[in-house]
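Only one chain is included here, represented as structure tokens and corresponding to the form predicted on its own.
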Amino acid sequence: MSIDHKHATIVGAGVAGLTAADLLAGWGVNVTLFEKTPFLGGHAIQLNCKAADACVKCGACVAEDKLLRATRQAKVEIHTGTQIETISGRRPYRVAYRTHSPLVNADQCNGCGICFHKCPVPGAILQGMAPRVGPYVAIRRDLCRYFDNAACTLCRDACPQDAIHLSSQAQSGGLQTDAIVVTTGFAPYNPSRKPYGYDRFPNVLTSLDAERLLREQPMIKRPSDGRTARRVAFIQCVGSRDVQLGHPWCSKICCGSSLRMARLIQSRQKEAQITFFYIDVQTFGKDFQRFFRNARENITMIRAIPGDILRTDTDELEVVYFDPDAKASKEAWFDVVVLSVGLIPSAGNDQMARILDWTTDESGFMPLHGSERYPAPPGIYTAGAATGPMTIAESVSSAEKTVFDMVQYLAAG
């Protein structure tokens, strides 16, 4: 089976895209991998390892491994900060793309962090989460004061590597490709619409916010005052299993991720009191029963979804919920509340569907290739959470199956 002269395009550099790139390159296929953000790894690379005294199969290390393997493949060409503009023709497809101006040169930047301290605008400089793989930082053009009449160059002037190039311009390019796989991933639900005070109360976090905090520091600390949180609540199914939002699906990852995070917090903060609000618990892993039994012995489990969160005069978070056993409304008070936000379709799904003259399914996710209801153009494939909520392990498995199908297609000529 000779396919070493073939070319494949991958749209999206999350776990599924990175897995597909590595495997296709291993088959000898030349691969171009596009990612619209400045960083590789998608949401999974932001996850914190949740092992306390033993591995709990959270998948965080899998994301890093897939990233390193793909970036070390000589046959994989990577374009970050790049949007697909058009796809035309049929086998080969013609792909036109536009790469946003790379304000920070990944080859020069060593991640020293000096630019963070010099920048006067909070959030204007973003930090990548991928260890040992650049780019380490990126600059938000919409917040950077340089683009207001070149009013600020503090980061560029302070960079010891001369890695910041504020005047660089966007570039357009094109290529021909034999097959395309869409791995645009998912978007986390924005809980600002819920009555939980997110974006108003600093101590109300999303699960991804909490993941990033635990990467940076061993303890969960209150953003409002920096104090270590002793009472932490996790609220499940925020933005999923919600018919009113049009999100009836289970997001699959929330229960496992939250319970593992809760146990990690308790292993680091012996005095931490964790409360877990839930509808029911999605099973995960072959050791689920043992893990869940241990969790229930150490975590207060309340089978109810809170209706409201209020901030008290003493800067506590008052959680109001209906207790089905007591058949009465109750209140509980916490230092930090973590909202386990659901997985919803990425905006990239609609964009790719329009470009490919295809469609998304009724939920807004990309159809699985081979779907009889939503037949794909020849040579077009999908993988990972672009097709629906998946764990990291499921995303990897999805990419592996897709690559197998792509290899058969490419070999058939």
Ligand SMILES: Cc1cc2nc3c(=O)[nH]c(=O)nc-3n(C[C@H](O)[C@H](O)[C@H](O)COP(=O)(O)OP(=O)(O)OC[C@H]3O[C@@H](n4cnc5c(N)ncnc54)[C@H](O)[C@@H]3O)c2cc1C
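One-based numbering along the sequence shown. All values derive from a computational prediction rather than experimental measurement.
The next section is about a form of this same protein that is not shown, the form predicted in complex with the ligand.
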{"item": "Heavy atom of Gly348 within 4.5 Å of the ligand in the model of the complex", "value": "yes"}
{"item": "Touches the ligand in the model of the complex: Phe186 (any heavy atom, 4.5 Å)", "value": "yes"}
{"item": "4.5 Å heavy atom contact, Val29 and the ligand in the model of the complex", "value": "no"}
{"item": "The ligand contact at Val11 in the model of the complex, heavy atom, 4.5 Å", "value": "yes"}
{"item": "Contact residue in the model of the complex, chosen from Ala262, Ala138, Leu208, Cys109 - any heavy atom within 4.5 Å of the ligand", "value": "Leu208"}
{"item": "Segment assignment from 151-159, 208-216, 238-246, 299-307: heavy atom within 4.5 Å of the ligand in the model of the complex", "value": "208-216"}
{"item": "Within 80-106, the residues that have a heavy atom no more than 4.5 Å from the ligand in the model of the complex", "value": "Thr82, Gln83"}
